[in-house]
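This document opens with one chain alone, in structure tokens, the form predicted alone.
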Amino acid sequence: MIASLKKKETYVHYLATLRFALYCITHPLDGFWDLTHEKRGSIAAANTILILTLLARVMKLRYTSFIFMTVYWEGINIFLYLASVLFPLALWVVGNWALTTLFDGKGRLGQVYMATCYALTPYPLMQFPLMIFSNFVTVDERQFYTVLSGISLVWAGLLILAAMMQIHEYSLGKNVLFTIASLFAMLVMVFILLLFFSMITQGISYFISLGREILFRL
């Protein structure tokens, strides 16, 4: 009985934190402050929003009208397609947290991740209806689709800015500065990762060549 009640409370709390995303996207300053400082958000809800974002991105390929999107399935790797969202997200979260920690940022790593995922809410919220909408409009009306699709991205981007400002307790100017710095940090991390994998590849190639040479001489 107690376990059942706890499970129900957990589920109710999860739904409340997921529903709070709608408040965050319409009242970003108050919403993202309460998200972390009043603990009205949850990692579970953040993960759900991220999954919906990934699902919307994949479903766009299948259900968006060919008028707006031409898909060559032979050249699409779904895992790489999903990684094009997950990899930049991971770089952003780590880069932003690492920089802001050095300069009096209040947000923790989990909070940066949670707030960023909550800020993505407009994307699936608008893209799912747009998939249906795209199949009922003509070529002459494609501008409506393009504008609305662009709004979902711009809206999410502005929400990320608001989220970082609130959880780190930065002023607008300082937040913009560290947003730019975080983007630069992402490029630096990509360079380091490429350099690391390049060194690993060269090292493996060296030992393979060495092994072949030894076998040849034997």
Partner chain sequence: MRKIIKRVGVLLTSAVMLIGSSMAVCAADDGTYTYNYDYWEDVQYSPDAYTVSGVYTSVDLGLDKNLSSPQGMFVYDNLVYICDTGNNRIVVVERVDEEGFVLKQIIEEFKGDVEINTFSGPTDIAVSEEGELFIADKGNGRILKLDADLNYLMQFDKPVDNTLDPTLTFSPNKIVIDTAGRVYCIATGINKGLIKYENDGTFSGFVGATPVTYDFTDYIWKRLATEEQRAQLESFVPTEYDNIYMDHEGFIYACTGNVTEEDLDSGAADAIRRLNLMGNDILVRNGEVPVYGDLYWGEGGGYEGPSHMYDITAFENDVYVALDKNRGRLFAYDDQGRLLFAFGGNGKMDGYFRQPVALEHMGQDLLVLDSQDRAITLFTPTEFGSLIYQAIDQFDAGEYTASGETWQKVMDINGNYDLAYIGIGRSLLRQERYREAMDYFELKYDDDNYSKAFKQYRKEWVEEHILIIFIVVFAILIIPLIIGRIKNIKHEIDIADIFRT
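Positions refer to the first chain, counted from 1. All of these numbers come straight from a predicted model, not from anything done at the bench.
The same protein has a further form, the form predicted in complex with the partner chain, not shown here; the description that follows concerns it.
In the model of the complex, the partner chain sits within 4.5 Å of a heavy atom of residue 136. Put simply, residue 141 is close to the partner chain in the model of the complex: some heavy atom of it is within 4.5 Å.
Heavy atoms of residue 79 never reach within 4.5 Å of the partner chain in the model of the complex, leaving it off the interface. Residue 191 falls outside the set of residues with a heavy atom inside 4.5 Å of the partner chain in the model of the complex. With the partner omitted here, the stretch from 166-174, 59-67, 181-189, 22-30 that lies within 4.5 Å of the partner chain by heavy atoms in the model of the complex is 59-67. This chain is displayed alone, yet in the model of the complex one of 90, 83, 71, 109 has a heavy atom within 4.5 Å of the partner chain; that residue is 71.
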